[in-house]
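Given next, in structure tokens, is a single chain: the form predicted on its own.
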């Protein structure tokens, strides 16, 4: 077998080559849509919120919502790339089977694909962050730390979802994952309003959401105010939760990819 690290890099190289040819198809969902949300909600609706309700946690609404949409963009890239594309690689087109016919292992395929999703997330979120800064939604230079926070958020979704997708024979469950699992998290993860505005019985749903932890990290970074993420100790907890989710997903994914690609 090839060196595992070299195998992972070969998978990343393969995905980058494919992306260079097909990137236009993903621009709207991974960049244009989030920017339109930022302009429409942060600037348009935000102006009304600032005028009628005043500041949100001491911030203009644009500054408040920008990190939420940044983390949400990361979630969309990570989750969206972990469903149908995995089905294509393991069942429809079986190009993952072609990869493991080389010295690259199934673990290398899984790890390389996760790394590629992290790279894609970083590219999309960097572009989003630049536009947000131009619009005035990023008041602090600490915002550069929002990029690794966004990547962790994407990976926390991608690691288990890739593992799940490798177990499926059809894509019938994928729309349900998006509509009933991923999309509703926007409403329960302090993306558009503070968590304190949720009923107390509903707040635990946010605490177990990877998106909430990502939003808290991104908000602390883009505003330069660690207190908005719960303080330094709480920020460490957010990071640890995301890392644990990634590790658990990776353990599951290694097994499911190994079984699937052995068929």
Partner chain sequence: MTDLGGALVEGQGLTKRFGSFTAVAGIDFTVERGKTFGFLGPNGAGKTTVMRMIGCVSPVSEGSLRVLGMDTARDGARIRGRLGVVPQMDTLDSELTVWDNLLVYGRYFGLPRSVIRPRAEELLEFVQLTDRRNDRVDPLSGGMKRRLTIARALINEPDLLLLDEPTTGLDPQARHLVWERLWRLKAQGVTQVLTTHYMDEAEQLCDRLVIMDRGRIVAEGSPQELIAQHASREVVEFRFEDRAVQDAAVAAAGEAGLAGGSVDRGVGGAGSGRVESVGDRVVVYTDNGERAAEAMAGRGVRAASVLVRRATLEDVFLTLTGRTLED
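Positions refer to the first chain, counted from 1. The model shown is predicted, which means the values in this text are computed figures rather than measured ones.
The same protein has a further form, the form predicted in complex with its partner chain, not shown here; the description that follows concerns it.
- Looking at 102-110, 126-134, 178-186, 151-159, the stretch with residues near its partner chain in the predicted bound form, meaning non-hydrogen atoms within 4.5 angstroms, turns out to be 102-110.
- Contact check for residue 21: a heavy atom falls within 4.5 Å of its partner chain in the predicted bound form.
- Within 4.5 Å of some heavy atom of its partner chain in the predicted bound form lies at least one heavy atom of residue 14.
- Residue contact with its partner chain in the predicted bound form: residue 93 places a heavy atom within 4.5 Å of it.
- Using a 4.5 angstroms threshold between heavy atoms, residue 255 stays clear of its partner chain in the predicted bound form.
- Of the residues in 248-263, those that come within 4.5 Å of its partner chain in the predicted bound form through at least one heavy atom are, in sequence order, 261, 262, 263.
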